[in-house]
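This document opens with one chain alone, in structure tokens, the form predicted alone.
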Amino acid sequence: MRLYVDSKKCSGCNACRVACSLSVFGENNPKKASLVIEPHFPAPGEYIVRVCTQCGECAAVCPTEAIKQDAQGAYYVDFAECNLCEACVPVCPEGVMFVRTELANTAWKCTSCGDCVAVCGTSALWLAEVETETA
């Protein structure tokens, strides 16, 4: 199971980022969200949303094996085992693997929990085994 996005539907409201930070850290802090919304204005006048594809590149390079896979196939960071080495950050092809010690004392990434999907008013986000367009 993984998160998919149709950036053309994104309004840039950031509700998904707030839901994400609440889910992972219990804080209303979009800077701690596991997805990125890039505004491209005035031209071409759209938002580009980057999400984790659950590719596992981060887990493959983690020297402490702090990045594990759950029963549904989503990777997550075991905060207790993360040593903040940042090896995972540069290998993320989507740029959504984070280590920012001023925000959190651990690495973090999307766990495919679906909280962002639940609050997306434009249906730009969805969870699925394989990519399927939502109506």
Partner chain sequence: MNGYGGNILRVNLTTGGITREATPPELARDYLGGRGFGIYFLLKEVPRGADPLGPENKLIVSPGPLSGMLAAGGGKCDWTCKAPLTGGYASASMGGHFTAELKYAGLDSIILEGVSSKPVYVFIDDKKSELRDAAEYWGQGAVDVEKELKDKFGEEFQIAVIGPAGEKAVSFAHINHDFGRQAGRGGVGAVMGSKNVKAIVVRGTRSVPVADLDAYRKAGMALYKACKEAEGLKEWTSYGTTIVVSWCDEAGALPTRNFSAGSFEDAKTLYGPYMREKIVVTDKGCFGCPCPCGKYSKVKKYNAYAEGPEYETIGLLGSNVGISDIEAVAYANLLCDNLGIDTISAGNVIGWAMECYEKGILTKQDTGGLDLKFGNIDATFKLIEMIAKKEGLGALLADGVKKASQKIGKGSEKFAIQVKGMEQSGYATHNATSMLLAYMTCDVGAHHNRAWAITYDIQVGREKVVPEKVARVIWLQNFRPMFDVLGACRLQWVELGIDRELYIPLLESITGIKRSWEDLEKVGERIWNLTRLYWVRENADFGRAWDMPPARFYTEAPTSGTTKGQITKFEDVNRLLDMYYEQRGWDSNGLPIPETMEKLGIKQEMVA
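Positions refer to the first chain, counted from 1. This is a predicted model, so every value here is computed, not measured.
What follows is about the form predicted in complex with the partner chain, which we do not show.
Please run the contact check for residue 103 against the partner chain in the predicted bound form: heavy atoms, 4.5 angstroms, yes or no?
Residue 103 belongs to the contact set for the partner chain.
Though only this chain appears here, would residue 28 touch the partner chain in the predicted bound form if you measure heavy atom gaps against 4.5 Å?
Heavy-atom contact with the partner chain at 4.5 Å: present for residue 28.
Please run the contact check for residue 79 against the partner chain in the predicted bound form: heavy atoms, 4.5 angstroms, yes or no?
No.
Heavy atoms within 4.5 Å of the partner chain in the predicted bound form: does residue 111 have any?
The answer is no: residue 111 has no heavy atom within 4.5 Å of the partner chain.
Using a 4.5 Å heavy atom cut-off, which of 55-63, 42-50, 69-77, 84-92 contacts the partner chain in the predicted bound form?
Heavy atoms within 4.5 Å of the partner chain in the predicted bound form occur in 42-50.
Residues within stretch 10-33 having a non-hydrogen atom within 4.5 Å of the partner chain in the predicted bound form
Heavy-atom contacts within 4.5 Å come from 10, 11, 12, 13, 14, 15, 18, 19, 22, 23, 26, 27, 28, 29, 30, 31, 32.
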